[in-house]
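Shown here is one chain on its own, the form predicted on its own, set out as structure tokens.
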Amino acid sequence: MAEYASPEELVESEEGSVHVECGRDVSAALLAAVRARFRTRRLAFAVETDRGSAVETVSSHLRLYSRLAGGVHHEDAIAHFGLRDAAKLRLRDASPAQMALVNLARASLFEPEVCFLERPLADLDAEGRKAALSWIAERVERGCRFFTTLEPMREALLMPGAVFWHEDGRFIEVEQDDGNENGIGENGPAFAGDEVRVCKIPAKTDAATLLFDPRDIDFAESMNKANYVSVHGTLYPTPLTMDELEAQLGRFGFFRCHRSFVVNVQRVAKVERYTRNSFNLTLNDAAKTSVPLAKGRADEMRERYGF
């Protein structure tokens, strides 16, 4: 796995598109490095604080940038990002989700060769994420290089390209996979017939050890060298490894959809394919959480569960 000691070093690398889990200070430093390195390229960028002029409408804002960019027509961008109903809305009245889509739509107008996006999936619902991810995947296939900064890690893993987290001044690559390398077997863990077994998944809080029923868990996730289980929208750290979680949860309808994720298949509401290499699982929890599905595991999931 690759490591880089500075934003400049990461930007100068040959990693292609890069997605980084980090805070806002690191995001700003990475944007500065991208702007310096690609100042002669067709560059677009969007950061969370972009709000435009308060009196502009969504339509007039995008029309202006369409004329400046000379690329995509603003009406096409409005349609792709689902902004038709908000076209006459003044930017000062736009919700965080609507403003995030406006910023993405503005970046799309330039048909960029290089694009920097700060937390592009933040505040978006399932349809908004689909619009964002499908546009990013389409531009990557056309040769655009993306740099995105995101939180949490699972949002970065939905993106096409290399994923990194920032720790102690270094950018550390997240290992990803295309297939089943965990040794559990193609048909999942063995079921012990009618044997009755109690399974509780341990997790920690500051004051106690919690024991969760598998049926209450939406997914398990590995990030930044630690593992977590998600229960009712809250992440709890667990001492179990991902292989141990897969082995214990497999007989309760969980599937290892990615090296870093084990998902409760009963919670999966939608399976989407944005491009030939981009897959996403949308859960039926309150947040409509998106979980990445590794390309090499998509066929196994389809064969095992029939979708």
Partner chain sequence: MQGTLRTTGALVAKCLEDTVKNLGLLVICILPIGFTVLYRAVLGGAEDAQHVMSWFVFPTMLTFATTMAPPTIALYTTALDREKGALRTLLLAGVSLKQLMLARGIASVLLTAAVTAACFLCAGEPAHRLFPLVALGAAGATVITLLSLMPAVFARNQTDSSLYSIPILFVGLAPMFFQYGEALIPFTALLPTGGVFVLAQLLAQDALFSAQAVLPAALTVAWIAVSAIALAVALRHAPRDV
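No experiment lies behind these values; they were computed from the predicted model shown. Positions refer to the first chain, counted from 1.
Only in words, not in the display: the form predicted together with its partner chain, which the text now covers.
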Taking 4.5 angstroms as the heavy atom distance cut-off, pick the stretch from 137 to 145, 226 to 234, 67 to 75, 123 to 131 that is near its partner chain in the predicted bound form. 67 to 75
Selected contact from R41, K270, R51, R251, since only one has a non-hydrogen atom within 4.5 angstroms of its partner chain in the predicted bound form: R51
Contact test in the predicted bound form: L31 vs its partner chain, heavy atoms, 4.5 Å: yes
Although the partner isn't part of this model, could you tell me whether R154 comes within 4.5 Å of its partner chain in the predicted bound form, counting any heavy atom of the residue? no
Since only the chain is shown here, I'm wondering whether V47 would be in contact with its partner chain in the predicted bound form (any heavy atom pair within 4.5 Å). yes
Would T282 count as a contact of its partner chain in the predicted bound form, using a 4.5 angstroms cut-off between non-hydrogen atoms? no
Check, residue by residue, if T238, R259 and K295 all come within 4.5 Å of its partner chain in the predicted bound form, counting heavy atoms only. no
With the partner left out here, which residues of 96 to 121 have a non-hydrogen atom within 4.5 Å of its partner chain in the predicted bound form? R106, F110
